[in-house]
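Next up: just one chain, as structure tokens, the form predicted on its own.
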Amino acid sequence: MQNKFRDLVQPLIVLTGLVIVMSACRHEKPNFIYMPDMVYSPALKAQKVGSMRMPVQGTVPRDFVPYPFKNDAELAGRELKNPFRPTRAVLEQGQKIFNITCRTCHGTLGLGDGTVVPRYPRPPSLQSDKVRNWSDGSIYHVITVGQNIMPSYASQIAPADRWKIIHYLRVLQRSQHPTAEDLKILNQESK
């Protein structure tokens, strides 16, 4: 029984040793190359200068809408008008997007007291007289292009959603600075 076991194990040990020794051998240059074009391909690195394909001049990406007021905030404030009515659905969508993208810096009520304030400079309050007196187009422009340390949110927020955020922001502003008519309605409802 031991002889049979030894007769089986000895060739396995020799074969294992031979495989280990052969795997350590390196053969950098083969004797024959079957398809030299595949072995020595002229591969380009993806980001190497000259390897990136430039778009055809004058073309734009699909669904791209150029923003014509890139450098003119005053013109944007005068020309841009909010295409949405402040319906319940619009305000709810605006609130949802505001809470996702704006609240971390500007806070729940737009006071500039968001969760990132201890680490970054405090953003301006959206409740200030300055921002409350801005037109919807001016706020849209700031969301689209950015201002001071606020980056552009054009790639994160769809154009229609920016207008919805503005409607929601107007509701936030009125909640903190109600008009005389708002107070009159509240007094009538409380009676």
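Please read these numbers as outputs of a predicted model, since none were measured by experiment. Residue positions are given as counts along the sequence shown, with the first one as 1.
We do not show the form predicted in complex with a small molecule, though everything after this point is about it.
Each of Thr101, Pro124 and Ile149 having a non-hydrogen atom within 4.5 Å of the small molecule in the model of the complex: is that the case here? Yes, each of Thr101, Pro124 and Ile149 comes within 4.5 Å of the small molecule in the model of the complex.
Taking the small molecule in the model of the complex as the reference, which of Ala73, Leu111, Cys105, Leu91 has a non-hydrogen atom within 4.5 Å? Exactly one listed residue reaches within 4.5 Å, namely Cys105.
Does any part of Val145 reach within 4.5 Å of the small molecule in the model of the complex? Heavy atoms only, please. It does not: once the small molecule is placed as it appears in the model of the complex, Val145 has no heavy atom within 4.5 Å of it.
Is Tyr153 close enough to touch the small molecule in the model of the complex, meaning at least one heavy atom pair within 4.5 Å? Tyr153: contacts the small molecule in the model of the complex.
Is Trp134 close enough to the small molecule in the model of the complex to count, meaning some heavy atom within 4.5 Å? It does: once the small molecule is placed as it appears in the model of the complex, Trp134 has a heavy atom within 4.5 Å of it.
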